[in-house]
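In structure tokens, the next block holds one chain alone, the form predicted alone.
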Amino acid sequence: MSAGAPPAPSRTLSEHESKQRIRAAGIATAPEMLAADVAGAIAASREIGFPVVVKLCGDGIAHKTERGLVRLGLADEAAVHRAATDLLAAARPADGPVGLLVARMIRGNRELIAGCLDDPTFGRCVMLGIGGVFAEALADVAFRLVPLSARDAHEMIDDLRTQAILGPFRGEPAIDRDAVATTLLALSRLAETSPEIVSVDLNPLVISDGRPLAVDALVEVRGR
């Protein structure tokens, strides 16, 4: 790119497509299915097993929570029917084609955030931080340049100041540091081998039985 040239255009993939990309890279997610309509969402919830989460999903929808496009802890088919109906009714013309993303409800008292990005000064890097209700208060994050080694990944975990959250917590086991490192190494490989990817945002990584699961993901790619 010549000096002063505008940056290449980019677009954000839907959550469903974003998760397909990260799963292929080896990042763990909750079981989920994409449904086209209310009946499909009910069928998907039966297959996945209750309780479930239902979200409105599409390439034009990046900030679902702010718009109220997420329904959590749906315990039966009637709840899924109501949620799916409401979500489809909330779609806007600017959202483009939409579907209903149905996923298993994952519960955990701790959340991490992770991702990769192109820093204008340093280049491609991977980020890990404390997420959830602690994120803004603590601003506890660590960065490393791509490519990461296994040692780099573990050092990122060690660099977090809030180590108490990583140990046994409220009756849950300590966070599986190897599993977190595996996620960070997968992000590094994505950044290294997929030049079309501008950024990946895993927020949150819910800690379930000590292991991180990406329950939301956004991948930004170059090109329209």
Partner chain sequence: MNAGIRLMTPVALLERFRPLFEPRGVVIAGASSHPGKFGFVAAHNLLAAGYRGEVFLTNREGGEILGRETLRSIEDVPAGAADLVFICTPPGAVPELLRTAARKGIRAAFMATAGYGELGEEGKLAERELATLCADLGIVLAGPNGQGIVSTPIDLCAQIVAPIPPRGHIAVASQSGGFVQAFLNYARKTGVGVSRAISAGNCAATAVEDYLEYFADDPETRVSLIYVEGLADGRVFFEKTRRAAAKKPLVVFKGGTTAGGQRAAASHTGALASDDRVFDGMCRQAGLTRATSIEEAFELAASFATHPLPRGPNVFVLTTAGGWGVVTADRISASRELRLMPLPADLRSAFDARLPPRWSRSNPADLAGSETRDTVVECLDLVASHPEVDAVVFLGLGIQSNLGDLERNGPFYPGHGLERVVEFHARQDTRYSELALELERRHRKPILIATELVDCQPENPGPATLRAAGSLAYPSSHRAIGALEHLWRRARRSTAA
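Residue numbers count along the first chain shown, from 1. None of the values given here were measured: they were computed from a predicted structure.
Beyond what is shown, the protein has a form predicted together with its partner chain; the following relates to that form.
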Of the candidate stretches 34-42, 51-59, 65-73, 152-160, the one with residues having heavy atoms within 4.5 Å of its partner chain in the model of the complex is 152-160
### Query
Are all three of Ala181, Leu184 and Arg211 close to its partner chain in the model of the complex, meaning a heavy atom of each within 4.5 Å?
no
The one option of Cys125, Ala79, Met105, Ala91 with any heavy atom within 4.5 Å of its partner chain in the model of the complex is Cys125
Does the 4.5 Å heavy atom contact test between Pro97 and its partner chain in the model of the complex come out positive?
no
Taking its partner chain as it sits in the model of the complex, is Asp119 near enough to touch it, meaning that at least one heavy atom pair lies within 4.5 angstroms?
yes
